[in-house]
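Take a look at this one chain, the form predicted alone, written out in structure tokens.
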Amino acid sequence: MIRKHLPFATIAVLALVAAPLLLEPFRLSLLAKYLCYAIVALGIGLAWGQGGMLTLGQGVFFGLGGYSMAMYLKLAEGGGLPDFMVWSGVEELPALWTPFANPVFALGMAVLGPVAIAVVLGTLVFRQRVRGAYFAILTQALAAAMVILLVGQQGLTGGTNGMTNFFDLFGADLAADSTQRGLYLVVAGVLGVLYLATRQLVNSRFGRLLVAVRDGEDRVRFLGYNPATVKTVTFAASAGMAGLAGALFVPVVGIISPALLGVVPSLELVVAVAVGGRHALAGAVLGAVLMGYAKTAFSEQFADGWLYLQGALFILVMTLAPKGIAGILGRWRSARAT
């Protein structure tokens, strides 16, 4: 088992150590952004790849984490009301914002808020045995509703523009290169810890039960287990990862807006997991980083047609390798073994 995962672990450690030394600050910040998306993809890989729950609304949980962190950063600046509230004619800080002045509360809500929503939603949905395409459509509708809600609350959330212009994090200047290097190391470290924890979960008895639910939910129910509980716990774990990724994303990129958490971004993350290989956790991480890099590279080189190239990449990988890049590597290892 250790030998099987050694190449991926080696590459990950080398990237963690070498990237701050080799990349200029702007490129290092982009890599940190890709790793934030990789954390969301890891949760999708757990829910979809291992549990068979195609969730098309992870952007909701990502956004909840991002807005929680953004609210703290805005309040930490001092100087009265956040800038967008002043422009919107708000005269007094809303009561909803007040607790987010505490960084512990903000970080807690970034993770526990998405987890709580996922638990409630999962309990209601999975007990009714809603699954497959119906569950996917439900989560997609949730993402669409979230965007409408945020856009309509201009004075509370910043509306379409969202929140930006963050200047410091716990006293550190966010524009400083040293701060961006530190943020990259934090994001990479969080991703590494979550990957190891998720892999341990998948290899545990719970992980085997989760796969059994994916492959035959009715059979698991007849054996005396409750598939709804298994699926709800998994869905909540993936939501927590997305919320944490959103909280890390805001200081790295410097903005959070409805455009980053709607239906399209959620679908892009699912596509990235499919490209990397949804049945392998490492594939989900690799797919998110690869698709993020491809999006940046194509948009820089082909400003008018980069979306077509990104779509072509997805079609190419899915046509030649339905199990994604992880499937290609798996076949290569099998060929070498024989």
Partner chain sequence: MLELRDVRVVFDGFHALDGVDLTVPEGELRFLIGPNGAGKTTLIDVITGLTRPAAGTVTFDGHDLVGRKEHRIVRLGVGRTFQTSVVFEELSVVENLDLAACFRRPLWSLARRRKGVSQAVEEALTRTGLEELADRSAGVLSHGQRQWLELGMLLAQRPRLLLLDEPVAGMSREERERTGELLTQIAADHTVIVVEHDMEFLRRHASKVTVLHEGKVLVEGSVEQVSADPRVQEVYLGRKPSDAVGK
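Positions refer to the first chain, counted from 1. Every value quoted in this text rests on a predicted model; they were computed, and no experiment measured them.
Omitted from view is the form predicted in complex with the partner chain, to which the following refers.
Looking at 133 to 141, 162 to 170, 194 to 202, 235 to 243, the stretch with residues near the partner chain in the predicted complex, meaning non-hydrogen atoms within 4.5 angstroms, turns out to be 194 to 202. When contacts are judged by a 4.5 Å heavy atom cut-off, N102 does not count as touching the partner chain in the predicted complex.
The partner chain is not shown here, but in the predicted complex it comes within 4.5 Å of a heavy atom of G224. A residue is said to contact a partner when one of its heavy atoms sits within 4.5 Å of a partner heavy atom; T229 meets this definition for the partner chain in the predicted complex.
For the chain shown alone, W87 is not a contact residue for the partner chain in the predicted complex, no non-hydrogen atom being within 4.5 angstroms. Only one of G216, G152, G189, G182 comes within 4.5 Å of the partner chain in the predicted complex through a heavy atom, and that residue is G216. Shown without its partner, this chain lists L267, L75, V125, L209 as candidates; in the predicted complex, only L209 has a non-hydrogen atom within 4.5 angstroms of the partner chain.
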